[in-house]
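Taking the form predicted alone, here's one chain by itself in structure tokens.
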């Protein structure tokens, strides 16, 4: 993560995509012998894991039905993840239980377990998304109308938190670039801004006296980052629909950036000519830069970035040389 203000950042300080694609050179998966099934042995996690079986294994708070019948149709034909980078890491998958009970989603609470245990009243149907700004087709769209035209596929990405923990997750979704094309951004669209839903009735963290965020949660990307082939809109994981605590009904995944960039439960996408203000950059600009590319050579003031804890491990491991 870059800890400078964006205006102070020069291009040479931004982790190049080529470095990210070789990320296994600097991030060590020390838990390969400790974690369940090796991803490399499965042609498709979506086909190898049955969604109902996954939900049956999950805590009661996660045993929810998909938000609408049309979701089931989308999950009938998931394109398997390729067996090569950059859409497949070859690393051991983080167990489903850890992916779905260890989350940062402060709208439900500050503790890692709060999103799973306190999100039972959250509703994802109906869901609409506002498209605004420098586009030819602005408007408010039903999520069904946004997602239905897209074929969904599986991608196995590493999610790396600035807090120095990480997971390897088989996401289900489609490239953000495909969605952006449909709204026809103008030549003035230099950035894409995202907002999370604010629902005080079903998100108890919003009214908490311990809340530190100025809602709604906001994130952004440059337009070239948003249209990068790796940037992904996730609607599911492990072959099943996305649990609330992981950002249902859809969320952003930017695998070469720290996890706080991958905003959850999106209700607004705004195409801008100027760089947007983002939530963590507004809160602590000396610690959270706009770009936030994974960079083991630039440490956060509170967490070293050349070490990571691959969940469910409890010890830090150094990256490969």
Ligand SMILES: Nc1nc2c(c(=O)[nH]1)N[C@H]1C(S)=C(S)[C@@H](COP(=O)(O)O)O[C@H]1N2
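Residue numbers count along the first chain shown, from 1. As the structure is a computational prediction, the values presented were derived from the model and not from experiment.
Separately, the form predicted in complex with the ligand exists; it is not shown, and the next lines address it.
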Q. Mind checking whether each of 159, 217 and 262 has a heavy atom within 4.5 Å of the ligand in the predicted complex?
A. yes
Q: Using heavy atoms only and a 4.5 Å cut-off, determine which of 232, 241, 105, 96 is in contact with the ligand in the predicted complex.
A: 105
(Q) If contact means a heavy atom within 4.5 Å, which one of 246 to 254, 148 to 156, 183 to 191, 74 to 82 is the stretch that engages the ligand in the predicted complex? (A) 246 to 254
Q | Non-hydrogen atom contact residue 165 with the ligand in the predicted complex at 4.5 angstroms | A | yes
Q) Taking heavy atoms only, is residue 196 within 4.5 angstroms of the ligand in the predicted complex? A) yes
